[in-house]
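Below you'll find only one chain, the form predicted on its own, shown as structure tokens.
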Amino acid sequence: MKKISISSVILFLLLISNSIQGQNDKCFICHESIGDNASVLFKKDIHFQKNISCSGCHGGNNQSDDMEVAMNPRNGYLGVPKGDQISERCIKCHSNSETMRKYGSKLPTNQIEQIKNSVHWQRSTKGTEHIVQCTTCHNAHGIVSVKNPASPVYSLNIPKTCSTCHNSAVFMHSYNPSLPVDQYQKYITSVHGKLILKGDSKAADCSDCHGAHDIRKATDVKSKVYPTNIPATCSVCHSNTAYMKSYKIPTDQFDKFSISVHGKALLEKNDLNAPACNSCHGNHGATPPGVESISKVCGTCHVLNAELFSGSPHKQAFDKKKYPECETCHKYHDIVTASNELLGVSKDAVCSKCHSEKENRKGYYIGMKMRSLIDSLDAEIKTANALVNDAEQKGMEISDAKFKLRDANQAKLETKTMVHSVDFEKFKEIVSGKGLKTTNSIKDEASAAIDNFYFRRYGLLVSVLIMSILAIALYFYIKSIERGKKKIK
């Protein structure tokens, strides 16, 4: 005897149930008989499969074939819901956990709370309703599960669904003229978009980055695409080793970014000017920069560094060997703070990766001399700073020298930029002409202030000593006069 599976039984019962519904639901029978589009779509609707009648949304008496009775407002007939009435009808069930359980649904019942906090819940141009209703994204009579490829909110369909509004310049101009209307065109050029077009439902769609019902403005600190939240949003997929396995790309980007100079500035210091993932990879057109374009991407912020590198001997050498420019020395996700240790010929210095005493010697010696100069400037700044602090603690006026310390530190920053030119003479000019010259001036002023302090201190001591001697001499002189007067008497 052939076994009957449980799923087959459930399917059979559903078919019987739907058949009974079709026989009992006079609204559906009537509309199906005239062959209107609503009844055709409703046959595929998840609500039809759950035995929810037309009257569930439109109201009225679905057991009567008398139109006056079936469509009587006294029987709750609403007709075609308009504006906010649409979402109110959906909320009636979808916000009621008991009702949803009754129909065997495990869907969350907090969608309306999320929508009310979203950017889509602002008033429409009419002012009497909100911009988006449930049917805007889910359809009206042909609503199917989000897991069904026929759903407008199925992962592969979401970008196209969102573009219905977001690609319309006229529509978007009514609400926010500053928003671009080419997001979809950019998206399909991205790695994510190309995968979606190939039918890969695992690739990120609009809702993965912006949210589904809880879409907020990018300027909202609770938004998934607020600058400080972007790395965590991207890491939902990109830090999931199992999820990313088929794409054969690393999953440690977030960990590396978090300890980088960019990550610390953004995530720890909340510096919104610091780059997040989208700063380098793009937003809707997210794609890793190519080898040739990395310096251009970095150069959008580090303009002078990029210009100096382009005119340096390294440019031709990197092009010849097809090295990525900035990334070769600074790495990419785990970029560290530019420090003296990166320069020179030590084991940890980036120069030693390509240069040695036996190979590429010229660069080896230039790197060694540059490191020696920058170390000497560091030492002089440290000495100058110590002298200024000493003079200040002694109560001396040292504001000019203290202000000059900023110039010395600025010279140090300039050397970190000039190193990209690999021009030793220009580098030396900044270290010696600006840095060391300024630190020498600071040390002279601070030393003079300290010497002045001790001069005043010892001068005061000598003055007190002299005054004390004079006072004692005067005392004895007066005493001797008094003794002379006594003898005369």
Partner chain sequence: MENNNNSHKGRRNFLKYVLNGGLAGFAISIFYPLVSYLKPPKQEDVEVSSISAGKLDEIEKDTGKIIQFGTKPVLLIRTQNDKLLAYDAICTHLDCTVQYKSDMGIIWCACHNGKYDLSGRNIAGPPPKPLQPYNVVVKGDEIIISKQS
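Residue numbers count along the first chain shown, from 1. Superpose the two forms; the largest set of C-alphas matching within 1.5 Å is the rigid core. These figures come from a predicted structure and were not determined experimentally.
There is also a form predicted in complex with its partner chain; it is not shown, and the following applies to it.
Looking at 141-149, 410-418, 68-76, 327-335, which lies within 4.5 angstroms of its partner chain in the predicted bound form, counting heavy atoms?
Partner-contacting stretch among the options: 410-418.
Closest heavy atom of Ser178 to its partner chain in the predicted bound form, within 4.5 Å or not?
No - in the predicted bound form, heavy atoms of Ser178 and its partner chain never come within 4.5 Å of each other.
Though only this chain appears here, would Leu304 touch its partner chain in the predicted bound form if you measure heavy atom gaps against 4.5 Å?
Heavy-atom contact with its partner chain at 4.5 Å: present for Leu304.
Looking in the predicted bound form, any heavy atom of Arg406 within 4.5 Å of its partner chain?
Yes, Arg406 lies within 4.5 Å of its partner chain in the predicted bound form.
Spell out, yes or no, whether the shortest heavy atom distance between Asp400 and its partner chain in the predicted bound form is within 4.5 Å.
Taking the distances in the predicted bound form, the answer for Asp400 is yes, it comes within 4.5 Å of its partner chain.
May I ask you to choose, among Asp200, Asp319, Asp271, Asp252, the residue with a heavy atom within 4.5 Å of its partner chain in the predicted bound form?
Only one listed residue qualifies here, and that residue is Asp271.
Hey, which residues along 457-472 are within 4.5 angstroms of its partner chain in the predicted bound form, non-hydrogen atoms only?
Ser463, Ile466, Met467, Ile469, Leu470 sit within 4.5 Å of the partner.
Rigid core fitted, is the C-alpha displacement of Lys44 between this form and the one not shown 2 Å or more?
Lys44 C-alpha, core-superposed: shift of less than 2 Å.
After fitting the rigid core, is the C-alpha of Ser399 off by 2 Å or more between this form and the one not shown?
After core superposition, the displacement of the Ser399 C-alpha between this form and the one not shown reaches the 2 Å mark, so yes.
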